[in-house]
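Before any questions on how it binds or moves, here is one chain, the form predicted on its own, in structure tokens.
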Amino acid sequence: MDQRITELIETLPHMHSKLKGMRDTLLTNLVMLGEIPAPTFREHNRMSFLVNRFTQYHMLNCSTDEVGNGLGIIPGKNGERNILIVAHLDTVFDETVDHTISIEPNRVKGPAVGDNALGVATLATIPALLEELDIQLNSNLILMGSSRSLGHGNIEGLRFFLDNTDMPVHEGVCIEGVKLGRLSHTSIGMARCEVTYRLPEEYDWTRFGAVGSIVTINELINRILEIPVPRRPKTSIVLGSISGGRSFNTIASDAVLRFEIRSESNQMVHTLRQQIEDIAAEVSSHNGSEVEIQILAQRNPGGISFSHPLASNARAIMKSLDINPRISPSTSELSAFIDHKIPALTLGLTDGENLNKPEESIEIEPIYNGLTQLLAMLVAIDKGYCDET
């Protein structure tokens, strides 16, 4: 292990102890941000609160952009490099859901509290954390709450920023509320798709094979399950959700299947997507239903190697804090960094339960380990310990 990292690791117990004193500040930001609904494409109110927090800490360039990202900059002592820290603003819950956040002695409960209110709250608290630890980085630290990340958003917020910023980004860190130990530094190829079957208004029920749309979706699923999926390159087809129909006694006129193709190979993703599109069209032709196929999101494989200093130092810092690294590829914001050839990784902050359910909860005590690993990584990146030689 690099001696410089060893020396940094020796400071972590003191850092961990000091961060415990920031509990109230972090949880206040968590409640105030988490109780603001932020469904994808409607994150404006949460973004505005975040930017106001940045302004209160006297950060530079506190602003938003055309797609609703919230930004602020903590200037470095020399400003020779820029580190971009990102947490996605949006959640899977809309305004009809009660967003009340409750704090219990050992945990916090509420919709999207772990995905990703804690990540955004950490972003809002970073200036105070650095001040408490008396850390002044040489690098400029760009803090960004990214918009349009989930689902149909297709990480548009971060993509837009990286496509249009005049500031060269040297390294990136993506913050997710859960799970502690999460370490992603690669992305797999992915295509997220939606197939919709509809019966035309003048549907011919006398034709051979005439059925409702639910039966048609079922036939498509059965055909997809028959597709041979290779073990190498690692590949999977994830059937995510189906919906359709209106009532017990009414034949469904429409039905929707949502699925995701994942593979280490872009070519395999393309091949399977085309195969499923052909099957969907063939099934439609059997019974005269109309079919619509949408590609909602795509990712390219890539990232830094297991031995890259950014990844290896992250593992060393985690292990020193008794965090078990959970290494897995990501299809989140990390993909945008990878597309721009920027070394980056994704870190989780704590443990939680019932993710993406209204009763979602996170544990408080592990957060201090999560914050310690994050700040240690920022110091390591800033000092050049994570640069590839």
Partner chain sequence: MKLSTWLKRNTYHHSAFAELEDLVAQKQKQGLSISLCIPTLNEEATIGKEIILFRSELMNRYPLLDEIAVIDSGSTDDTVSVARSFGADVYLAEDILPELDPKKGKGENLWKAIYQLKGDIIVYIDADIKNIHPRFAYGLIAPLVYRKEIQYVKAFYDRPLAFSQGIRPSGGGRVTEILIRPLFSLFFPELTGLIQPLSGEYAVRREVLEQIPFPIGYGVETSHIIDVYQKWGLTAFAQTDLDQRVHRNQDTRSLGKMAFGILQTFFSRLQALDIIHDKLELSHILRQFQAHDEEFETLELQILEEERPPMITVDEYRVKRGLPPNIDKTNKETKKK
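Numbering follows the first chain given and starts at 1. Model, not experiment: these values are computed from the prediction.
We do not show the form predicted in complex with the partner chain, though everything after this point is about it.
- With the partner chain left out of view, the stretch that reaches within 4.5 Å of it through heavy atoms in the predicted complex is, among 63-71, 329-337, 23-31, 347-355, 23-31.
- Proximity of Arg46 to the partner chain in the predicted complex falls outside the 4.5 Å heavy atom cutoff.
- Remark: Ile103 counts among the residues lining the partner chain in the predicted complex, judged by a heavy atom distance of 4.5 Å or less.
- Three-residue candidate spot Arg262, Glu292 and Gln294; no residue lies within 4.5 angstroms of the partner chain in the predicted complex by any non-hydrogen atom.
- The partner is not shown here, but in the predicted complex the stretch 55-76 reaches within 4.5 angstroms of the partner chain through a heavy atom at Gln56, Tyr57.
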